[in-house]
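Let's start with one chain on its own, the form predicted alone, as structure tokens.
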């Protein structure tokens, strides 16, 4: 395969305070090429243009790096809930190699891609789970075991809180990536966040060149244990959000 330029990624990462060396940039190049190759056979992502992937997938994911480093040590345990094609989990693993990353994805064809790319990039300390958050969060080996939970899922925050906070240990936190006008969504999530043992502590705006819509990182601290009945069975958080 022909080499492609990752200059936009390298320059954008520097602006986010993330320095990527040649080995890491090569990992991102491999990731991109295999993502596009697999996407020709199975639908993994709607975004395939090399420039757009660098901004909307890679840099958007790397916007979490500074928050993660501020909150925890570099060998912390992180789970990416609803990772899809590996965002933000795999870019975070490339940028911070010592983190212990778990990728959770319900769609089997996407899991097959994740298993392929994780093997190809020769990662250590990375686990892939094919399952739904509503079920996996009740397993003892995953419940309240993670320092940080990340998610780029499109669900409203009240729903997303139920799918993420049960994974988070007390003293840890959830970092949710959101976009657009989220003020009403934030207000409507407060009861759910409190019920699930969290506290909404920070909303930070992300500025990325090439992205027109407003992007935010919503940080929720885990201050007490999540009641055992949460998350409710599959589909219930979406059907009847905690509000």
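Numbering follows the first chain given and starts at 1. Please read these numbers as outputs of a predicted model, since none were measured by experiment.
Only in words, not in the display: the form predicted together with ligand SAH, which the text now covers.
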query	finding
Contact check for 72, 125 and 145 against ligand SAH in the model of the complex, heavy atom at 4.5 Å	no
Exercise: residue 113 in contact with ligand SAH in the model of the complex, heavy atom 4.5 Å	no
Touches ligand SAH in the model of the complex: residue 152 (any heavy atom, 4.5 Å)	yes
Non-hydrogen atom contact residue 134 with ligand SAH in the model of the complex at 4.5 angstroms	yes
Partner proximity in the model of the complex: residue 102 to ligand SAH, non-hydrogen atom cutoff 4.5 Å	no
Contact residue in the model of the complex, from 163, 157, 168, 95 (heavy atom within 4.5 Å of ligand SAH)	163
Ligand SAH in the model of the complex: contacting segment from 168-176, 137-145, 115-123, 76-84, heavy atom within 4.5 Å	76-84
